[in-house]
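Here you get one chain, nothing else, as C-alpha cells; it is the form predicted alone.
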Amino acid sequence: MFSKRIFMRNNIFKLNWGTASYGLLLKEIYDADIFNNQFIQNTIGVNAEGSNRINFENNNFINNGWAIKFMGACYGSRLVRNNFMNNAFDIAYTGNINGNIFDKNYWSEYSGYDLDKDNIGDVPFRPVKLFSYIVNQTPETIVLLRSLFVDIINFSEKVSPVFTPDNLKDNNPLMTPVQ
C-alpha cells in the first residue's frame, strides 16, 4: 500500500478465500509492473483502489471469484497478454474507464471467432458482466450466481450493452491462452 515503482514478478497468490481476502490488494500504488504471476482460487485475485499506471502482463487469473476488481480512481493501467480462465467474474469495475487499456488477453468466456486464423478474435470482448455490476451494487445477490436468471441477464447485456461500460473492452482478444 502507498508505494511507487513496484516490480512484482513470478509470484503465486493462491487460496485466499473469505469476505476480506485478496490475492493481491493494491491501494494507492503508482507505476507498478505486475508480470508473470499466478492468481489462483482467490475470492478476489487483485483488488485495486486508487492505483495508477499499473502494467499487468503475462499473468494467469484462474478460478477466482473476481479476477480483478477496480474499485475507483484507477488511471492509466494496462492489462496486456494475460489469461483469464474460469473466473466467476473476470473484471469488476466501479466508475469510469480512466484510460485503462485491455488488449490481447485470453478470456475463457470469449465466444467469438477468428476467420483469418491470426489467433486474435474478430469481435471485441466485453469482460464486465451485467451481474457483476448488480453484485457490486447489491452484494446479497451473489446467491443467484449460478441461476438461469443470471444467464439470461448476462446474455441480454451481451446482445445490447446498456449498463456495462461501453469502452471497457478488449478489441484484440486472444483465441488461445498466452504461453
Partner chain sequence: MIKILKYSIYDLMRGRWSYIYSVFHLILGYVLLFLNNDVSKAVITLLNIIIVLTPLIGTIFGVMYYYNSRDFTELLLAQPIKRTTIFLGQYFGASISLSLSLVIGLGIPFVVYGLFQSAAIFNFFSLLLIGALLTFIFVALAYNIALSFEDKIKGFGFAILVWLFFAIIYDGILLIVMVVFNDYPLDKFALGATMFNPIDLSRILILLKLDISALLGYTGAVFQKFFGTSLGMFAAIGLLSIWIIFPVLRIAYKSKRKDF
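Residue numbers count along the first chain shown, from 1. Every value quoted in this text rests on a predicted model; they were computed, and no experiment measured them.
Absent from the display: the form predicted together with its partner chain. The rest refers to it.
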item	value
Candidate site I40, N172 and V178: all three near its partner chain in the model of the complex by heavy atom within 4.5 Å	no
Segment that reaches its partner chain in the model of the complex - one of 26-34, 139-147, 109-117, 48-56, heavy atoms within 4.5 Å	139-147
The single option of I97, V80, M85, A88 touching its partner chain in the model of the complex, heavy atom within 4.5 Å	A88
Contact label in the model of the complex: N10 to its partner chain, heavy atom within 4.5 Å	no
Residue contact check: T19 to its partner chain in the model of the complex, 4.5 Å heavy atom	yes
Its partner chain contact in the model of the complex: W66, any heavy atom under 4.5 Å	yes
Non-hydrogen atom contact V123 with its partner chain in the model of the complex at 4.5 angstroms	no
